[in-house]
Ligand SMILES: Cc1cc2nc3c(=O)[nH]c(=O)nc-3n(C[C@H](O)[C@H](O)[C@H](O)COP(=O)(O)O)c2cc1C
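Given as structure tokens, the chain that follows is alone and in the form predicted alone.
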Amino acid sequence: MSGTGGPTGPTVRALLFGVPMLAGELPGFDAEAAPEEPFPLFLAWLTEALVAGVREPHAMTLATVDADGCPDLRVVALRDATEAGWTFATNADSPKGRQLAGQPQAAVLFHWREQGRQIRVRGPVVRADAETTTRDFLDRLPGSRAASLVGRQSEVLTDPAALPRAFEDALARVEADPGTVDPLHALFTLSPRSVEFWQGVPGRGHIRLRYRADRAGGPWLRERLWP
């Protein structure tokens, strides 16, 4: 049997062969002129992504580790970012909420395909206080608050018809009492210890710039990395 097909058609390898990567015009990146700290560069890249029309630039892949040491991944929304870190929300009783409680370390990845850019952030995670969490929850649109109040994230759904009913009930609850807050709503901030900026370049001469935090509290260390 050839390597280009199988009983049901072409192999994945054959389907992917020749698919272009880093196609189109990509922005430049002068790593030598980058700021001394990572957050101003993140803010500049995020602004450029928004101006360029990158779809959902606030979407980021969050990596956590479960009790068995097995990594887990999912895409979440960035709620805020400052020099102190990158903030996201979840249900405290969800798998990621429990994983973060047991191992408060995480990594996030932004992938802005249209610009051939990636940003990776790694470090410890800190849960926000009740006041900050409540304010974040009430800042959400009613539909988002209702979805959170439904709860039971990642549990087995034995009756699909139960989901729209539960959402309608939760939305009615939000509309009747706009101050309703999900007690399991949790807000986390990933405090950066390492931040890497990756700019794809056609021909594989990619530009990688990593910032590493000085554990003694000194200035950030900037390092160019081999692609």
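Counting begins at 1, following the sequence as shown. These numbers were taken from a predicted model, which means no experiment stands behind them.
In what follows, reference is made to the form predicted in complex with this ligand, a form of this protein that is not presented.
Residues placing heavy atoms within 4.5 Å of this ligand in the predicted bound form fall in a single listed stretch, namely 88-96, out of 103-111, 129-137, 116-124, 88-96. Between the options 66, 56, 175, 30, the residue in contact with this ligand in the predicted bound form by a heavy atom within 4.5 angstroms is 56.
For the candidate set 84, 75, 141, 157, a heavy atom within 4.5 Å of this ligand in the predicted bound form is found for exactly one residue, namely 75.
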